[in-house]
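Presented below, as C-alpha coordinates, is a lone chain in the form predicted on its own.
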(Lines give C-alpha, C1' and ligand atoms only; values in the text may rest on other atoms or scores of the structure.)
Protein backbone atom coordinates (compact mmCIF):
# COMPACT_ATOMS: atom_id res chain seq x y z
CA UNK A 1 0.00 0.00 0.00
CA UNK A 2 3.01 2.36 0.28
CA UNK A 3 3.73 2.29 -3.45
CA UNK A 4 2.34 5.15 -5.53
CA UNK A 5 0.06 5.31 -8.51
CA UNK A 6 0.35 8.12 -11.04
CA UNK A 7 -2.70 9.93 -12.36
CA UNK A 8 -3.77 13.26 -13.79
CA UNK A 9 -6.48 15.58 -12.51
CA UNK A 10 -7.92 18.56 -14.38
CA UNK A 11 -8.78 21.42 -12.05
CA UNK A 12 -9.51 25.03 -13.03
CA UNK A 13 -8.82 23.98 -16.61
CA UNK A 14 -5.32 22.77 -15.74
CA UNK A 15 -4.20 19.15 -15.99
CA UNK A 16 -1.78 18.27 -13.19
CA UNK A 17 0.26 15.14 -12.59
CA UNK A 18 -0.28 13.48 -9.21
CA UNK A 19 1.30 10.65 -7.26
CA UNK A 20 -0.77 8.97 -4.54
CA UNK A 21 -0.13 6.04 -2.26
CA UNK A 22 -0.88 4.60 1.16
CA UNK A 23 -3.99 4.66 3.32
CA UNK A 24 -5.26 6.56 6.30
CA UNK A 25 -5.85 10.26 6.84
CA UNK A 26 -5.00 12.38 3.80
CA UNK A 27 -1.57 13.99 3.71
CA UNK A 28 -1.17 16.59 0.96
CA UNK A 29 2.47 17.40 0.17
CA UNK A 30 3.28 20.60 -1.74
CA UNK A 31 6.76 20.49 -3.23
CA UNK A 32 9.43 23.17 -3.52
CA UNK A 33 10.99 24.88 -6.51
CA UNK A 34 12.80 21.75 -7.67
CA UNK A 35 9.52 20.07 -8.55
CA UNK A 36 8.09 16.66 -7.73
CA UNK A 37 7.14 13.75 -9.94
CA UNK A 38 9.20 11.07 -8.17
CA UNK A 39 8.01 8.86 -5.30
CA UNK A 40 10.88 9.55 -2.90
CA UNK A 41 11.72 7.29 0.06
CA UNK A 42 10.17 9.61 2.62
CA UNK A 43 6.86 9.53 0.74
CA UNK A 44 6.93 5.75 0.93
CA UNK A 45 7.54 5.88 4.69
CA UNK A 46 4.73 8.39 5.27
CA UNK A 47 2.41 6.25 3.13
CA UNK A 48 2.67 3.48 5.72
CA UNK A 49 0.39 5.64 7.92
CA UNK A 50 -1.28 8.15 5.63
CA UNK A 51 -2.91 8.58 2.24
CA UNK A 52 -0.06 10.58 0.70
CA UNK A 53 -0.97 12.86 -2.21
CA UNK A 54 1.82 14.60 -4.13
CA UNK A 55 0.64 16.82 -7.00
CA UNK A 56 3.10 18.56 -9.29
CA UNK A 57 2.25 22.25 -9.25
CA UNK A 58 0.77 23.85 -12.35
CA UNK A 59 3.67 25.05 -14.47
CA UNK A 60 6.05 22.39 -13.14
CA UNK A 61 7.19 19.06 -14.58
CA UNK A 62 4.47 17.14 -16.38
CA UNK A 63 1.67 19.47 -15.30
CA UNK A 64 0.15 22.06 -17.63
CA UNK A 65 1.03 25.75 -17.43
CA UNK A 66 -2.29 27.61 -17.26
CA UNK A 67 -2.83 31.18 -18.46
CA UNK A 68 -4.27 32.20 -15.10
CA UNK A 69 -1.13 31.44 -13.09
CA UNK A 70 0.62 34.65 -12.00
CA UNK A 71 1.56 34.34 -8.33
CA UNK A 72 1.54 32.19 -5.19
CA UNK A 73 -1.98 33.31 -4.35
CA UNK A 74 -3.13 31.61 -7.54
CA UNK A 75 -1.51 28.39 -6.32
CA UNK A 76 -3.26 28.71 -2.95
CA UNK A 77 -6.64 29.07 -4.63
CA UNK A 78 -5.84 26.21 -7.00
CA UNK A 79 -5.14 23.82 -4.12
CA UNK A 80 -8.33 24.85 -2.36
CA UNK A 81 -10.16 23.77 -5.54
CA UNK A 82 -7.94 20.66 -5.71
CA UNK A 83 -9.11 19.56 -2.26
CA UNK A 84 -12.72 20.31 -3.20
CA UNK A 85 -12.44 18.26 -6.41
CA UNK A 86 -10.91 15.25 -4.63
CA UNK A 87 -13.35 15.53 -1.71
CA UNK A 88 -10.53 15.76 0.83
CA UNK A 89 -11.28 16.60 4.46
CA UNK A 90 -9.17 16.40 7.61
CA UNK A 91 -6.11 17.07 5.46
CA UNK A 92 -2.63 17.10 6.94
CA UNK A 93 -1.02 19.78 4.79
CA UNK A 94 2.75 19.86 4.35
CA UNK A 95 4.66 22.36 2.23
CA UNK A 96 8.38 22.59 1.59
CA UNK A 97 10.11 25.84 0.56
CA UNK A 98 7.91 27.26 -2.23
CA UNK A 99 5.33 24.66 -1.22
CA UNK A 100 5.51 25.96 2.35
CA UNK A 101 4.73 29.45 1.11
CA UNK A 102 1.76 28.08 -0.84
CA UNK A 103 0.59 26.05 2.17
CA UNK A 104 0.73 29.08 4.46
CA UNK A 105 -1.17 31.23 1.97
CA UNK A 106 -3.77 28.49 1.55
CA UNK A 107 -4.26 28.13 5.31
CA UNK A 108 -4.65 31.90 5.69
CA UNK A 109 -7.44 31.88 3.09
CA UNK A 110 -9.42 28.81 4.15
CA UNK A 111 -8.42 26.10 6.62
CA UNK A 112 -11.82 24.38 6.80
CA UNK A 113 -10.56 21.21 5.08
CA UNK A 114 -7.33 21.04 7.10
CA UNK A 115 -6.39 19.05 10.19
CA UNK A 116 -2.78 20.18 10.59
CA UNK A 117 -0.31 22.47 8.81
CA UNK A 118 3.42 21.75 8.61
CA UNK A 119 5.82 24.17 6.92
CA UNK A 120 9.31 22.96 6.05
CA UNK A 121 11.76 25.84 5.48
CA UNK A 122 8.97 27.87 3.90
CA UNK A 123 9.49 30.93 1.75
CA UNK A 124 6.90 33.71 1.90
CA UNK A 125 8.14 36.27 4.42
CA UNK A 126 11.12 38.61 4.75
CA UNK A 127 13.17 39.11 7.91
CA UNK A 128 14.93 42.46 7.97
CA UNK A 129 18.70 42.11 8.05
CA UNK A 130 18.69 38.38 7.22
CA UNK A 131 19.43 37.81 3.54
CA UNK A 132 18.20 34.74 1.71
CA UNK A 133 20.47 32.92 -0.67
CA UNK A 134 19.95 34.18 -4.20
CA UNK A 135 19.26 30.87 -5.88
CA UNK A 136 18.40 32.65 -9.13
CA UNK A 137 22.03 33.75 -9.47
CA UNK A 138 23.73 30.54 -8.32
CA UNK A 139 25.12 28.17 -10.91
CA UNK A 140 23.52 24.69 -10.99
CA UNK A 141 26.49 23.32 -9.05
CA UNK A 142 26.32 26.11 -6.46
CA UNK A 143 22.62 25.53 -6.01
CA UNK A 144 23.07 21.80 -5.48
CA UNK A 145 25.87 22.35 -2.96
CA UNK A 146 23.98 25.09 -1.12
CA UNK A 147 20.92 22.90 -0.64
CA UNK A 148 22.76 20.53 1.70
CA UNK A 149 24.92 20.67 4.79
CA UNK A 150 26.23 17.19 3.95
CA UNK A 151 28.28 17.66 0.81
CA UNK A 152 28.38 13.91 0.19
CA UNK A 153 24.72 14.18 -0.88
CA UNK A 154 25.57 17.08 -3.18
CA UNK A 155 28.47 15.13 -4.71
CA UNK A 156 26.21 12.16 -5.38
CA UNK A 157 23.63 14.35 -7.12
CA UNK A 158 26.24 16.22 -9.13
CA UNK A 159 27.65 12.92 -10.39
CA UNK A 160 24.28 11.99 -11.91
CA UNK A 161 23.95 13.09 -15.53
CA UNK A 162 20.41 14.22 -16.42
CA UNK A 163 18.93 13.13 -19.73
CA UNK A 164 17.29 15.56 -22.15
CA UNK A 165 13.81 15.15 -20.60
CA UNK A 166 15.20 15.90 -17.15
CA UNK A 167 17.06 18.98 -18.39
CA UNK A 168 13.85 20.28 -19.93
CA UNK A 169 11.93 19.60 -16.72
CA UNK A 170 14.53 21.48 -14.67
CA UNK A 171 14.37 24.44 -17.03
CA UNK A 172 10.58 24.51 -16.90
CA UNK A 173 10.65 24.39 -13.10
CA UNK A 174 13.27 27.14 -12.87
CA UNK A 175 11.27 29.42 -15.16
CA UNK A 176 8.08 28.93 -13.15
CA UNK A 177 9.88 29.50 -9.84
CA UNK A 178 11.27 32.74 -11.24
CA UNK A 179 7.82 33.81 -12.43
CA UNK A 180 6.26 33.56 -8.97
CA UNK A 181 9.30 34.27 -6.79
CA UNK A 182 11.61 36.67 -8.61
CA UNK A 183 10.40 40.04 -7.37
CA UNK A 184 10.34 40.46 -4.48
CA UNK A 185 12.65 37.54 -3.84
CA UNK A 186 10.69 34.58 -2.50
CA UNK A 187 8.22 36.50 -0.37
CA UNK A 188 4.94 38.37 -0.33
CA UNK A 189 5.26 41.69 1.56
CA UNK A 190 1.64 41.34 2.72
CA UNK A 191 1.74 37.77 4.00
CA UNK A 192 3.04 38.46 7.49
CA UNK A 193 -0.02 40.64 8.18
CA UNK A 194 -2.35 37.64 7.83
CA UNK A 195 -0.48 34.61 9.18
CA UNK A 196 -2.34 35.05 12.48
CA UNK A 197 -5.41 33.69 10.64
CA UNK A 198 -3.92 30.19 10.63
CA UNK A 199 -5.86 28.52 13.44
CA UNK A 200 -5.01 24.87 12.81
CA UNK A 201 -2.18 23.13 14.73
CA UNK A 202 0.99 24.25 12.94
CA UNK A 203 4.55 22.96 13.05
CA UNK A 204 7.53 24.61 11.38
CA UNK A 205 10.65 22.58 10.58
CA UNK A 206 14.00 24.08 9.62
CA UNK A 207 17.57 22.97 9.07
CA UNK A 208 20.11 24.90 11.11
CA UNK A 209 22.50 25.14 8.13
CA UNK A 210 19.98 26.30 5.51
CA UNK A 211 21.72 28.55 2.97
CA UNK A 212 18.61 29.19 0.88
CA UNK A 213 16.33 30.54 3.62
CA UNK A 214 18.40 30.89 6.81
CA UNK A 215 17.24 29.28 10.03
CA UNK A 216 16.62 32.74 11.53
CA UNK A 217 13.40 32.75 9.52
CA UNK A 218 12.07 29.90 11.66
CA UNK A 219 11.43 31.93 14.83
CA UNK A 220 9.93 34.73 12.72
CA UNK A 221 7.41 32.35 11.16
CA UNK A 222 6.65 30.76 14.54
CA UNK A 223 5.97 34.14 16.14
CA UNK A 224 3.58 35.13 13.34
CA UNK A 225 1.42 31.98 13.62
CA UNK A 226 -0.27 31.82 17.04
CA UNK A 227 0.40 28.59 18.92
CA UNK A 228 2.76 27.19 16.30
CA UNK A 229 5.88 25.23 17.26
CA UNK A 230 9.33 25.27 15.69
CA UNK A 231 11.70 22.32 15.34
CA UNK A 232 15.28 22.92 14.15
CA UNK A 233 17.33 20.01 12.83
CA UNK A 234 21.08 20.06 13.39
CA UNK A 235 23.56 19.72 10.53
CA UNK A 236 20.77 20.06 7.99
CA UNK A 237 20.31 22.30 4.96
CA UNK A 238 17.24 23.38 3.00
CA UNK A 239 15.79 19.92 2.32
CA UNK A 240 15.20 18.14 5.63
CA UNK A 241 13.06 15.45 3.98
CA UNK A 242 16.12 14.45 1.94
CA UNK A 243 19.02 15.16 4.26
CA UNK A 244 17.41 14.15 7.57
CA UNK A 245 14.58 12.00 6.26
CA UNK A 246 14.06 9.76 9.29
CA UNK A 247 14.14 12.65 11.76
CA UNK A 248 11.79 14.76 9.65
CA UNK A 249 9.27 11.99 9.06
CA UNK A 250 9.29 11.26 12.80
CA UNK A 251 8.56 14.91 13.59
CA UNK A 252 5.78 15.05 11.02
CA UNK A 253 4.12 11.83 12.22
CA UNK A 254 4.40 12.73 15.89
CA UNK A 255 2.80 16.11 15.25
CA UNK A 256 -0.10 14.65 13.30
CA UNK A 257 -0.75 11.94 15.88
CA UNK A 258 -0.50 14.49 18.70
CA UNK A 259 -3.15 16.64 17.07
CA UNK A 260 -5.68 13.84 17.54
CA UNK A 261 -5.60 14.12 21.31
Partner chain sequence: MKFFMIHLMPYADIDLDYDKKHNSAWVTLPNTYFDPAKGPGLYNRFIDELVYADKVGFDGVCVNEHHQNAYGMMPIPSVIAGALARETKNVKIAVLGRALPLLTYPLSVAEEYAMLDNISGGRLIAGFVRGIGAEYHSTGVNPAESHDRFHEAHDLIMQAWTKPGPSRYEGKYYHFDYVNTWPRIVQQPHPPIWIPSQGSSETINWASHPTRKYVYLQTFSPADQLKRFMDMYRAQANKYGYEASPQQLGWATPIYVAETDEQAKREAKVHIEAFYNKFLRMPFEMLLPPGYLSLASMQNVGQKARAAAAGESMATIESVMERGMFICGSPDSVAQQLEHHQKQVGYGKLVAMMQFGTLPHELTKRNMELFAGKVIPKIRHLGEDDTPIKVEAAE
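Note that this is a predicted model, so its numbers are computed, not measured. Numbering follows the first chain given and starts at 1.
Absent from the display: the form predicted together with its partner chain. The rest refers to it.
Trainee: Although its partner chain is absent from this view, report whether residue 139 comes within 4.5 Å of it in the predicted bound form, heavy atoms only.
Mentor: Yes, residue 139 sits close enough to its partner chain in the predicted bound form that at least one of its heavy atoms falls within 4.5 Å.
Trainee: Quick check on residue 158: any heavy atom within 4.5 Å of its partner chain in the predicted bound form?
Mentor: No, residue 158 stays farther than 4.5 Å from its partner chain in the predicted bound form.
Trainee: Is there any non-hydrogen atom of residue 131 lying within 4.5 Å of its partner chain in the predicted bound form?
Mentor: Heavy-atom contact with its partner chain at 4.5 Å: absent for residue 131.
Trainee: Under a 4.5 Å heavy atom criterion, is residue 70 part of the interface with its partner chain in the predicted bound form?
Mentor: Residue-level check for residue 70: yes, a contact with its partner chain.
Trainee: Check each of 145, 172, 109, 126 and return the one that places a heavy atom within 4.5 angstroms of its partner chain in the predicted bound form.
Mentor: Residue within 4.5 Å of the partner: 172.
Trainee: Residues 7, 15 and 23 are flagged as a possible site; in the predicted bound form, is every one of them within 4.5 Å of its partner chain by some non-hydrogen atom?
Mentor: No.
Trainee: Within 4.5 Å of its partner chain in the predicted bound form, counting heavy atoms only, one of 85 to 93, 172 to 180, 150 to 158, 118 to 126 shows up; tell me which.
Mentor: Within 4.5 Å of the partner lies stretch 172 to 180.
Trainee: Could you pull out the residues of 150 to 171 that have any heavy atom within 4.5 Å of its partner chain in the predicted bound form?
Mentor: The stretch touches the partner through 167, 168, 171.
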